[in-house]
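First comes one chain, alone, set out as structure tokens in the form predicted alone.
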Amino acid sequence: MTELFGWGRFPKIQSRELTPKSEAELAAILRNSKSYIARGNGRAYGDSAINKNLTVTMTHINRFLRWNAKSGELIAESGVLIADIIDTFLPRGWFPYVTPGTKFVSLGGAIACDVHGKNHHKDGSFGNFVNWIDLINEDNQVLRCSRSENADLFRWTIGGMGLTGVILRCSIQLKKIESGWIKQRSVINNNLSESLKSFHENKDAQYSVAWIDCLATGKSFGRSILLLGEHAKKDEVKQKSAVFPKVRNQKFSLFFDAPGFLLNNFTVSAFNKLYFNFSKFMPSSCVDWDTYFYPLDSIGNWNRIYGKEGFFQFQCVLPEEVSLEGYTKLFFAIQKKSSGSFLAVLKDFGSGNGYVSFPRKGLTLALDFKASKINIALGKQLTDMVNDFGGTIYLAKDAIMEDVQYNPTFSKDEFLKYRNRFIKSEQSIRVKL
């Protein structure tokens, strides 16, 4: 047995783990297993990729299979990481259409969670750029699923949290770009109302994400820094700079768990004040792709900052028309009852993919909380508040939601038609999905 956990290092669960090295080995494992879940690189935050009976880790099924240099189509196995794709194809002028906030996510995980990035309002989520999926169903058959072949299974698999079958390989579309640089511009917003309006005033930006100070009070309540980005063209890159810069070296890595008392409302509030005031003087600039898309990847094992008990992330989306009222109430509750959220970001969503996928039109908020009793109780209260406002919770980040709180926007009965009865995660058991 192995102790497994997601990126939040909470909860920690004993599981039998197997790591097949080939499709044949994977098929043999699945034939002899009646309860399992596939796992990519373990970057989901909670227990959505863990099964106590058997967790099948797909990291060794990770080959590039075919590349079309004219169209940008890439066929690859599900254990390939987004980092692998960037390392290989960015020097050739290609980049993922959609990427989450870390490049260490597997293709299988990106599809299962239908990950989103800073450009959802323009391009949608990862599933929009998946051409087809090869899926192992409950009869251990490999099915090709696309928008025209096994179409319903294809749509329920995108965002289906790995519960419809084991993703073996896929075809995805990459984006042609002229450089690996992003033209970045920051917009200072002094309160929550300005923060929300700022997204609408900058909808034409290709990328947008706001760091938001959820502990600021008074006139500064809900203040934020909105970071906008556009791919720089080749002739906009400084002459002495590489057109396609390489990944940054990690600045440092945490090899120990930080003391739990370090993160509290006082220390987080002090950091937020310093960061907000410093950001006022940040000029518009060109930054490399790694700095813009993956700032936390430069810190090895940054999840240790929350201490040995770990942390959980709370991510929700609220309908646009109730965002101001809803996030006002959420922030008041956080200020009153939490021990501080070190990371809080706000993004704009466009229309979602429907079916089981999380993103839908509205504004999404993501917050990290130390896994303490007071924060877990607050997280459950925030979930109830989100439900009251007609919002939803992102399963890829969830670690604490109870089944009575899970409020899916899709028909569970319809989902069950395509759900693999042998596949179970600790999360799917917990929320009765």
Partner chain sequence: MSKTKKILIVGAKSDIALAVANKYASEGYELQLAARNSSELDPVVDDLKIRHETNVIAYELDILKYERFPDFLDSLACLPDVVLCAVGLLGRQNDDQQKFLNSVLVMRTNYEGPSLLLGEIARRFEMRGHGSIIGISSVAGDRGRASNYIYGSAKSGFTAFLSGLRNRVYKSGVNILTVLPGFVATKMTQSKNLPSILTAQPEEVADKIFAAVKTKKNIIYVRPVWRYIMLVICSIPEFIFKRMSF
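This one's a predicted model, so the numbers in the text were calculated from it and none came from an experiment. Residue numbers count along the first chain shown, from 1.
One more form of this protein, predicted together with the partner chain, exists but is not displayed; see below.
Undergrad: Given the stretches 385 to 393, 57 to 65, 42 to 50, 399 to 407, which is the single one in contact with the partner chain in the predicted complex, using a heavy atom cutoff of 4.5 Å?
TA: Every other range fails; the passing one is 57 to 65.
Undergrad: Between the partner chain and N190, E194 and Q206, in the predicted complex, does every residue show a non-hydrogen atom at 4.5 Å or closer?
TA: Not a single residue of the candidate spot has a heavy atom within 4.5 Å of the partner chain in the predicted complex.
Undergrad: Counting non-hydrogen atoms within 4.5 angstroms of the partner chain in the predicted complex, say which of R185, K308, R92, K122 makes the cut.
TA: It is R92 that has a heavy atom within 4.5 Å of the partner.
Undergrad: Have a look at T88, S241, N128, N202 for me and say which one sits with a heavy atom within 4.5 Å of the partner chain in the predicted complex.
TA: Exactly one residue meets the criterion: T88.
Undergrad: Going by a heavy atom distance of 4.5 Å, is R421 a contact of the partner chain in the predicted complex?
TA: Heavy-atom contact with the partner chain at 4.5 Å: absent for R421.
Undergrad: In the predicted complex, does K21 come within 4.5 Å of the partner chain, counting heavy atoms only?
TA: So K21 counts as contacting the partner chain.
Undergrad: Although the partner chain is absent from this view, report whether D297 comes within 4.5 Å of it in the predicted complex, heavy atoms only.
TA: So D297 does not count as contacting the partner chain.
Undergrad: Does the partner chain get within 4.5 angstroms of any non-hydrogen atom of D84 in the predicted complex?
TA: Yes, D84 lies within 4.5 Å of the partner chain in the predicted complex.
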